[in-house]
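The form predicted on its own is given below as one chain in structure tokens.
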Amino acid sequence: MTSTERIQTDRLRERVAEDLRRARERSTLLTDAVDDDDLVRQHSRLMSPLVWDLAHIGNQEELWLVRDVGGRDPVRHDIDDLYDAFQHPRADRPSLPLLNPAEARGYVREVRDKVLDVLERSPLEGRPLVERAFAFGMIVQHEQQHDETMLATHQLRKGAPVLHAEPPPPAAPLPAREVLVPGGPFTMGTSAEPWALDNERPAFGVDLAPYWIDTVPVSNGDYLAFIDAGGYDDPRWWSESGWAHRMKASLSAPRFWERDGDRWVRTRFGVVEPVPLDEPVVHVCFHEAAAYAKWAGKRLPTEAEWEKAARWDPASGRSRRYPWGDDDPGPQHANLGQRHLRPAPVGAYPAGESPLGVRQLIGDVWEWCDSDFLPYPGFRAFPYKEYSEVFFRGDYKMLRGGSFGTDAAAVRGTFRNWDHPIRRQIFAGFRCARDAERP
């Protein structure tokens, strides 16, 4: 190894160590914010007890980094089955003989100590799992993804507020309500991003017809107009499956909204407050998003349309890592990492807009796209089928861009999220698109 290569490897180790530290700091915040009774309680059958998430984070870190990358003896081989997400549905996890809060905290500390030693000794090259620290990046993203899941559990818990944050920055003026994306080819996915997960790979060409896309996500105020117009009571706006779900679930407004006299209020992490009309609507399912879009005379964008709007640079013809360029997200670019505990007003973060002028594509709210979860051409499962492959061709719909609860390490212009079209506990909103005629 040359001196330059050694310096680059040392810098990579420093970055990994910092990302691991930051993820654990967030996990600790989310679990230390409540007492042990709250940690072991199941706040919704859709979610695990917080203490399960914590120990699961440690178990995945042990499996991949301590045992596989490090070749070390197991720390707790006896709990592998308990924390295998595919063996135990979330609804059943409270009945398992889980580690108690003290045991879980001790376990994740012990695993992390061993992982940091493995990091110092690993060459970070050779087999694909360790090349450019991929396994470490995978585990960083895994922990941050569970941190967002735990944040969603906090939103579902009853009781006094325990999480606090400063408000997001204000909106900046918008030059237009929607932006025309020219037709033609662009490169979707990635073959170069070192920590990209298997479903983001490989890069491939897509040729799209021209289309219009909203400059910002749909706001609470815009969505309220749909409610006031009787949108939830008119089957014209809903797909057959969407209307069936709307009736079965008695949907009448976004989750956590309630009528209070002549106004709407929402509950946000234990705080009851008037619905802010200028924020992106959040906690709506795919069916609600699609119904609103049809009512508005538009539609939801496809996944490819979303990504082209987020990444394509018309000046160079290439696809960027992020809407603003190739630099990692900074606080001026996007609302990420539960820094503000709410979406920013629509029009915020002008420094994060795409070359076409589309804003808030990263952070604030996950955005529903009208595409199924399918593999890209040339897809190869890595390092295990259960991350992506087992979910392909289910009833899942795509979500792109991350939310205010997503960490910068766990989102990028190519990152793909997916969920059932009825899910509302996630921090999901949407923006609309419409067809444009070719010139």
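All residue numbers are counted from 1 along the displayed sequence. Remember, it's a predicted structure, so these values are computed and weren't measured experimentally.
In what follows, reference is made to the form predicted in complex with a small molecule, a form of this protein that is not presented.
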query: Contact of F427 with the small molecule in the predicted complex (heavy atom, 4.5 Å); finding: no
query: Contact of Q145 with the small molecule in the predicted complex (heavy atom, 4.5 Å); finding: yes
query: Contact test in the predicted complex: F379 vs the small molecule, heavy atoms, 4.5 Å; finding: no
query: is_contact(T149, the small molecule) in the predicted complex, heavy atom dist at most 4.5 Å; finding: yes
query: Candidate stretches 21 to 29, 427 to 435, 413 to 421, 8 to 16 - the one whose heavy atoms come within 4.5 Å of the small molecule in the predicted complex; finding: 413 to 421
